[in-house]
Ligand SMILES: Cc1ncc(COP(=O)(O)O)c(C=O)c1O
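In the form predicted on its own, a lone chain appears below as structure tokens.
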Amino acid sequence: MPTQSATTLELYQRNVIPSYGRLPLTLARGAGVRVWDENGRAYLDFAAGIAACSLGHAPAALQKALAEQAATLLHTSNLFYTRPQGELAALLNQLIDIPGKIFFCNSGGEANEGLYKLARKHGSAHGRYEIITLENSFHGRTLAGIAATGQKKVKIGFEPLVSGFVHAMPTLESVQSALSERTAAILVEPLQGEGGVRPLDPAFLRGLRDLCNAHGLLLLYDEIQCGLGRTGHWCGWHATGAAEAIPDGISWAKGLGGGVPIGAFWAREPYADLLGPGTHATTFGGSPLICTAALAVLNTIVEQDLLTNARERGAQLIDAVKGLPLVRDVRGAGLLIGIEIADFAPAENESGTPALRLTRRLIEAGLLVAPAGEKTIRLLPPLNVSAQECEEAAEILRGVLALVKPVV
């Protein structure tokens, strides 16, 4: 093969569209909470595919499920019924314990597109189509997703933006000011992930529920990053302390498949049948292969009580990080943890935001994390991470931060 003489980096430079600011690391394999690069060096993976690898790398349950289903039935299309899709929908409804129905797709961006269509369908009879989202939010990279996202940087170069989205600050007064006769729904992340791991105030979420009830609006939660166990709860909004602020729709992805690509959105009764035949579709969403994988992931989380582990290991990490040099704030819930740092002096030839520079230094020390904004890094280890692995990660973080010189 002509590619065998090329390095992985050369293959990317010649053949892959450069839409990512990739970190200087080529990964070759993984097992549990560790990954290895092409040179055989091991790293603790506390990024976990950006909160996607719920059970870590190469978990036995997921390997078995994929192998057995691949030998049985890979794909049929949604023109037909398959048992794994029905069972996965039933399990998700059981876990969140709210009557509703589910649509399966391939990614978080697609899951949010489904919520946008649900909101427009709900409001169409009365000319309502606008969705209020929050400043600092992130809802994906589709054209509608960047219009929904409350961050200017993602919108540059993609104007004119898709219409129908209005941004507000995370206060009831700001959201009320954004309401109009065109408003159909309010969409929020109960814990903002890409925006710096910022949990919304429980009183604010309860107020949004009351506001939607009063005006006939849908309350929608983007739980692509914070849902399905990541916070130590099945429902991310429960981790904020506002369990009673029940939504009308939820989007999921990331951890649902444990590393295989799946997205989904849920609609609460009586809105679950708004999108009837011909209104929404996907070729690959809900395939028997992917649904079998997701069933294995969710059942493992239940069987091994990984929600409890996520809460306990998250508390351990927060305690270990608080008070470290350069750390200004620690936020989050369960194993969705944001560490906000002060600015620090760059080394020679070192560029990027403080979060990106710290991320690179941690990679060099053997720990993978994910940046979130200019001054925040995220700890997102698998839900089955051990206490010893958390202490090892904290020790690496301590060592790197001890060598950092804050900007005065």
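In this text, residue numbers run from 1 along the sequence as written. Only a predicted model underlies this, so the values are computations on that prediction, with no experimental measurement involved.
FYI, the form predicted together with this ligand isn't displayed, but the following is about it.
Subject >> Interface segment, criterion being heavy atoms within 4.5 Å of this ligand in the predicted complex, picked from 224-232, 72-80, 270-278, 174-182 >> reply: Flagged stretch: 224-232.
**OP:** Consider G259 of the chain shown here, and say whether it contacts this ligand in the predicted complex, taking contact as heavy atoms within 4.5 Å.
**Re:** No, G259 stays farther than 4.5 Å from this ligand in the predicted complex.
Original post:
Could you tell me if F104 has a non-hydrogen atom within 4.5 Å of this ligand in the predicted complex?
Top reply: So F104 does not count as contacting this ligand.
**OP:** Considering only heavy atoms, tell me if N112 and this ligand come within 4.5 Å of each other in the predicted complex.
**Re:** Contact check for N112: yes, within 4.5 Å of this ligand in the predicted complex.
Original post:
Hey, in the predicted complex, does P199 get a heavy atom within 4.5 angstroms of this ligand?
Top reply: No.
**OP:** Quick one: from G150, G140, G332, G249, grab the residue that has a heavy atom within 4.5 Å of this ligand in the predicted complex.
**Re:** Residue within 4.5 Å of the partner: G140.
**OP:** At a 4.5 angstroms cut-off on non-hydrogen atoms, which residues of 177-212 are near this ligand in the predicted complex? List them in order.
**Re:** Contacting residues: E189, E194.
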